[in-house]
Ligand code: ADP
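Shown here is one chain on its own, the form predicted on its own, set out as structure tokens.
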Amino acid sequence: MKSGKKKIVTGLIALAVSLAVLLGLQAVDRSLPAEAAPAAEAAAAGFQAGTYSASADGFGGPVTVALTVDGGGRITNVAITGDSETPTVGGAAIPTLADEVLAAQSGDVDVVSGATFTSNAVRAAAAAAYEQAKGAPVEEGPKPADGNRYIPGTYTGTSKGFGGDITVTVVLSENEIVKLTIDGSHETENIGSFAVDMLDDRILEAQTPNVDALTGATVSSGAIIRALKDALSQAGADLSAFPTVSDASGGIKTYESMQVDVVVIGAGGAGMTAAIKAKQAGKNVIVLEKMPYAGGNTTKATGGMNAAETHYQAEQGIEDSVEQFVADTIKAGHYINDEALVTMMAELSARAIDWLDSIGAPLPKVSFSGGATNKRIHAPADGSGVGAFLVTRFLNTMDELQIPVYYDTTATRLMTLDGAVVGVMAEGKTANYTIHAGAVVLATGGFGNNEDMIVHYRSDLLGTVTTSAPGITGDGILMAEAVGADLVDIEQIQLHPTVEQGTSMLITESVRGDGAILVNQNGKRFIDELQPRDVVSAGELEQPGSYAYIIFDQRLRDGLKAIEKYVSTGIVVQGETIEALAEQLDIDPATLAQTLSDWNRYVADQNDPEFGRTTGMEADLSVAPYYAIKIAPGIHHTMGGVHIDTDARVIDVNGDPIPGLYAAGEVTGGVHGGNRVGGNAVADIVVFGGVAGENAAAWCDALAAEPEMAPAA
């Protein structure tokens, strides 16, 4: 009964948040009713009745607070606008913040949990607006000479990005941005880093800061634009005079037709692996990617790749087997996996590790992941996130092999003839394409960022945050369905237990695998932290507030590079002692200290009598300072999708392969069953991406050798 009530309450909260977003509550207006007005204070010297506004940087962009103040200094109306804030986080917090400012008669209000950036922006902007009402002078900077846009010189502006400060330096003549340099070294590799690499050219060409944000990297883009505006303001520019320039094509599109051997739809890990393998087999290959950059959900992967009987395991004395890999995967998947696919993934995993070695992408660091009996998850040597690491290496290899990627190009339809797939129709920004191909590989990812599809299959997940990349919207599944493809396990959607809710940032499984623990708001452990993801997620939802904290120490931080991203993003709380950390988390210090002491004893004894944890216990948590990240479950993987066989051929609703159509990665179903083991997504994309690319190339060879196999024209 308790669980049922929790679901009802969670659903009502999610519905309320969704309605808030639908009604546009990132902009709110609150007035003080006359009958509820507190007694006015004595008029303060210098107060002028009127409406005053100020802005400050929130999470996604500027947040503006307008205060209406009477002659006695009383705030009678609060209006807050934050159109760039995340709708379900900062945007949802804005109404609460407006009420609090009005009630407190001040900007000195509490931070809304999970919306720290937005809250701090409201606090700062409200304080600045109130100071204006007191008569604070508004200083005007120097102005350019008449007829000029800028005071010539070099200027630098800074703004908060996703991973830390972004700095923009501009060299200006009287009327031109001559040079622009962006320093965003803390931004996420292959997401925010693309904004850093691409926006400078757009801005220089347009000669205005008002350019479109890079899709999927809006936080980084917004920070770049704000920092640029700061620099231009220092040069006396009138920011209101700049035009807005969209990168959307306003002209007439051309129509282009081409012939290739293999067309791959999607430039994530599975798609790039398939393209490389097909090219290595001697085929003419192109890749279509609807986003302006490569990576997809692969870039989001932070843990590693599961593989069994690898040379790295042998070199490190780690015993493992393909059979145990299969058994762990099927057990975690609740025994509904396609055993043939799981076996194929496990059997080819060591070969896939060798192939990654061959393209300069070694994964030598081997550790535990949740649901694995043995150390099996392979990661980069420096502990960096596996996804960004692999995407960079895949892109380098594709460049070396001269595989073209058509970015900002969306595949819209699979072309068929006599039941076989013979090409793709696609739409780009400046051209529409008809691409004739011997074979097509679908690698478009799942549907974790398509709330309509999520709710269609799992209505209980309405309003749940997602870790998926913006382009993961189920396009490939819908295209495959349109040509008769069968779907399997489509309702199986995984929650990841360690997602920071304010940023939707995934906290890599390696943190727990290297020894971190989870505690609730009472400061106590509540589960074996390395149980399968669905089990840990369910355990968190039963805790007070349905969240937990992941606790780790300096030793663990030093050994895992990925943690620095969390620190620079501002989601990590630090305490010089465990008691000091507890105080910051509003946890009883003695309780958390006892929990840590007990855990360190369990590690020393290699025995966890409370929850039976047996993995990730090589080192205790005893090196100060201590750290915590507040986390809760978030949508992380859609296990279901297009039905494939062990040759990565797409299977139709009658159980037959669709000639010429292959698929790999999260667009497919069957591999993971009812729950995915951490580290298996990367194994899936590399193994089956390779299988799809190799077999697509082989199909082209068969068509060339036996033309009668081709569909009739």
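Residue positions are given as counts along the sequence shown, with the first one as 1. Computed from a predicted model, the values in this text were never measured in an experiment.
Beyond what is shown, the protein has a form predicted together with this ligand; the following relates to that form.
Checking 520-528, 599-607, 622-630, 442-450 against this ligand in the predicted complex, the stretch whose residues place heavy atoms within 4.5 Å of it is 442-450. Checking 290, 283, 277, 557 against this ligand in the predicted complex, a heavy atom within 4.5 Å turns up for just one residue: 290.
Just one of 498, 306, 220, 298 comes within 4.5 Å of this ligand in the predicted complex, counting any heavy atom, and that one is 298. By the criterion of a heavy atom within 4.5 Å, residue 215 is excluded from the residues contacting this ligand in the predicted complex. In the predicted complex, residue 385 stays away from this ligand, with no heavy atom inside 4.5 Å. Residue 642 falls outside the set of residues with a heavy atom inside 4.5 Å of this ligand in the predicted complex. Although the partner is absent here, residue 184 lies well away from this ligand in the predicted complex, with no heavy atom inside 4.5 Å.
Residues 471, 472, 475, 479 are the ones in 447-484 with at least one heavy atom within 4.5 Å of this ligand in the predicted complex, listed in sequence order.
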